[in-house]
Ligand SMILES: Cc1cc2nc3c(=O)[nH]c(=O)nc-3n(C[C@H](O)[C@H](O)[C@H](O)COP(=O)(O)OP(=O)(O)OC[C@H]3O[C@@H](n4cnc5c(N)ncnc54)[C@H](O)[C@@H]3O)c2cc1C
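Before any questions on binding or motion, here is one chain by itself as structure tokens, the form predicted alone.
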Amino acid sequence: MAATVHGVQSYVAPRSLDEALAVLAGGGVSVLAGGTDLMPQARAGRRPLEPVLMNIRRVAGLGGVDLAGGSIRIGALVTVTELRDSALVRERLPPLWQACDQFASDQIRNVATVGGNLCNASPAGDTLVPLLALDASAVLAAGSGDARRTRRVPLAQFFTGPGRSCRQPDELLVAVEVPEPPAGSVGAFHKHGTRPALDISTISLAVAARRDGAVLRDVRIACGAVAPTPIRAPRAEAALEGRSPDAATIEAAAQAALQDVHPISDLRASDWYRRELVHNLLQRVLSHVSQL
């Protein structure tokens, strides 16, 4: 670039993963995919851009939603619209599909990527909560050529704070992998905000489990906007595990969830209101799951 824009001194648009990783290895890089989080934050001064702005939209091999080897692999550049339009996601990963259906607007869904949503690491990120409940892992790559290395990080360990993750400066998120749900799997997602889609979640909840006769097993409950990162709710999960989701069990789980969450008061809601939402919305989501 001839002129510096928001601290950017050069712009690159690699076409291969090796090229992108080589740029990252040089340091001082901001990664641009859809830009729906990065650019507004940069303009507002909340996230200064690095000297090198790297647009990865043309990098080959970072797209697609595929089932292989017992996992559903979602490329980092898959847009929210592509996730919502995927029959595989709709049929096998209902909580994620429901989150995408409530994500922002058509214009933003057409551009926003799953990789960008994860790396933005907002405690209220819409796809983060269902992916956490679905036991997903982030796939990170670094190095290039024969020196390329890849690591998989469970999402429960990926987020380290508001807007922060364990991704290193020389690493690129290349995919998200979700274990193929077994037969009898059920799940649901719900977010609460002043508007159904065009708003940041006041809270969000996702549930995934396996129905074994009358009881639920492998129960996973994830919550958003109730802690510094999206979190699992282990006490609520334990209250449901191996039990029939009747009214008493659902109430016990909703009460237990209040010990799992640590919300703050901000412009969108108070601590007290978020706790009330966690209790009431978890009851609603679990009642829905019990009928699937």
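Residue positions are given as counts along the sequence shown, with the first one as 1. The structure presented is a predicted model; accordingly, all values stated were derived computationally and were not measured.
Same protein, other form: the form predicted in complex with the ligand, not shown, and the subject of what follows.
- At a distance threshold of 4.5 angstroms between non-hydrogen atoms, V261 is out of contact with the ligand in the model of the complex.
- In the model of the complex, A209 stays away from the ligand, with no heavy atom inside 4.5 Å.
- Residue contact check for N120: one or more of its heavy atoms lie within 4.5 Å of the ligand in the model of the complex.
- For R232, no non-hydrogen atom is located within 4.5 Å of the ligand in the model of the complex, even though that partner is not displayed.
- Looking at the ligand in the model of the complex, residues G35, G116 and R167 each place a heavy atom within 4.5 Å of it.
- Stretch 122-130 is the answer when you ask which of 180-188, 122-130, 213-221, 142-150 has residues with heavy atoms within 4.5 Å of the ligand in the model of the complex.
- Only one of L173, V89, I203, L134 lies close to the ligand in the model of the complex, with a heavy atom inside 4.5 Å, and it is L173.
- Note on the partner interface in the model of the complex: the residue among I72, A112, A138, L83 having a heavy atom within 4.5 angstroms of the ligand is A112.
- Residues of 42-74 placing a heavy atom within 4.5 Å of the ligand in the model of the complex, in sequence order: R47, I56.
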